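In structure tokens, one chain follows: the form predicted alone.
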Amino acid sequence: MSRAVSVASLSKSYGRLKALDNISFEVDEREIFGFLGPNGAGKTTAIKIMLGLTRPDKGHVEIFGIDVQSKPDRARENIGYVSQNLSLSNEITGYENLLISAKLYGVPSSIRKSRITEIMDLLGIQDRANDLVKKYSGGMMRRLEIGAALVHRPRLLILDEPTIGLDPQVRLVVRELLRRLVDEFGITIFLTTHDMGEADELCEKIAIINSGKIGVVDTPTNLKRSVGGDSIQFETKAPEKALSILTGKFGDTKPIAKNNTISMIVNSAETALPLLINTLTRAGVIVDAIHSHRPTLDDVFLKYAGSRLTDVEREGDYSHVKQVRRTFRRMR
């Protein structure tokens, strides 16, 4: 299978901030490839370089074999892009929004009408073509934005947090649309996300990225297998004492503390739980709550990034999620 995207040794700094630190990855044609990481991980910077909007300090990017730095216009002919924030005009109709995009992308005037009709049929909003966008639901707006990125029939669709700010039911509709674009039209999709469920269900391959570095690239199944066992989390008011007691007790696995919660990976939770509780009890450490589960992408993130993605999200600034939601509501 040929390569849609090839990224080699890419680095980018903004002053002292290293947004990307020597990252490399490849995306196959007809594949959905996910960049999984928190806000500020470097995902959007990577997209800007792929689009030829930002020059890297080091490394290079090829889109279907075309070097982005030396031939950015040729590379962009193959790309459709959907940003985090809505770029639609809400005071004109859905059809008129697509018409503007078709003109900007250089779609010949002789086929614009048929192309727009084709896109609106694909999106399932043909009956709303002449309605003002401000009357659309949030899910329809997002689908229309994806349609605007498809009017020139790109081979690669890049989406930055495509389901951010959407309700769970609408997210499923958007995911189904993206899968259909691959299965029926052969489009390659590159998307960034901090939604582990989205990455797990939608992507053939995932890159775990945090602080500008890629920890690993593989299929969701292989990534979860690489964790090597079950995940255990327990709460205690003596986390430092629990860490010192448990370190070295379960092979090479190193327990990780976050406030009063201890996380660790074991070969078998069924075998490890009695030993863990007995060990802590004998040492006078009280366990307030404990649970275990099969590996998830959050466990993968813990292994390769040194923290849980859910913890990074709670600590990070996710005001942009609220901003997108406010934009949807305002346009409606």
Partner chain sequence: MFAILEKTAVIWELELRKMRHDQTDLLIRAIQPVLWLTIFGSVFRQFRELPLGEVSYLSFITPGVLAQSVLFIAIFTGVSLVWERDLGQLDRLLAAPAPRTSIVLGKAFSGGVKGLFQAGVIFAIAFVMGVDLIYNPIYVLAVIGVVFTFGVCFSSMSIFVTTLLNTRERVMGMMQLLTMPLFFASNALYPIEIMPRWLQIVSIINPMSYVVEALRALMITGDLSRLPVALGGMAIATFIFIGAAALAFRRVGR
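Here the structure is a predicted model, which means the values were calculated and not measured. Just so we're on the same page, rigid core means the largest C-alpha set that superposes within 1.5 Å between forms. Numbering follows the first chain given and starts at 1.
Beyond the structure shown, there is the form predicted in complex with its partner chain, which is absent from this document and is the topic of what follows.
Taking the partner from the other structure, its partner chain in the predicted bound form has a heavy atom within 4.5 Å of a heavy atom of residue 91. In the predicted bound form, its partner chain lies within 4.5 Å of some heavy atom of residue 77. Using a 4.5 Å cutoff between non-hydrogen atoms, residue 240 does not count as a contact of its partner chain in the predicted bound form.
Its partner chain is not drawn, but in the predicted bound form it has no heavy atom within 4.5 Å of residue 227. Shown here without its partner, the chain carries 81, 101 and 104, all of which come within 4.5 Å of its partner chain in the predicted bound form through at least one heavy atom. Across the options 215-223, 81-89, 194-202, 240-248, residues that bring heavy atoms within 4.5 Å of its partner chain in the predicted bound form belong to 81-89. Between its partner chain and the residues 55, 291, 282, 294, the one pair within 4.5 Å by heavy atoms in the predicted bound form involves 55.
Put simply, of 73, 183, 121, 176 only one has a heavy atom within 4.5 Å of its partner chain in the predicted bound form, and it is 73. With the core held fixed between the shown form and the other one, residue 238 has its Cα displaced by under 2 Å. With a cut-off of 2 Å and the rigid core superposed, residue 135 has a Cα displacement that reaches or exceeds the cut-off between the shown form and the other one.
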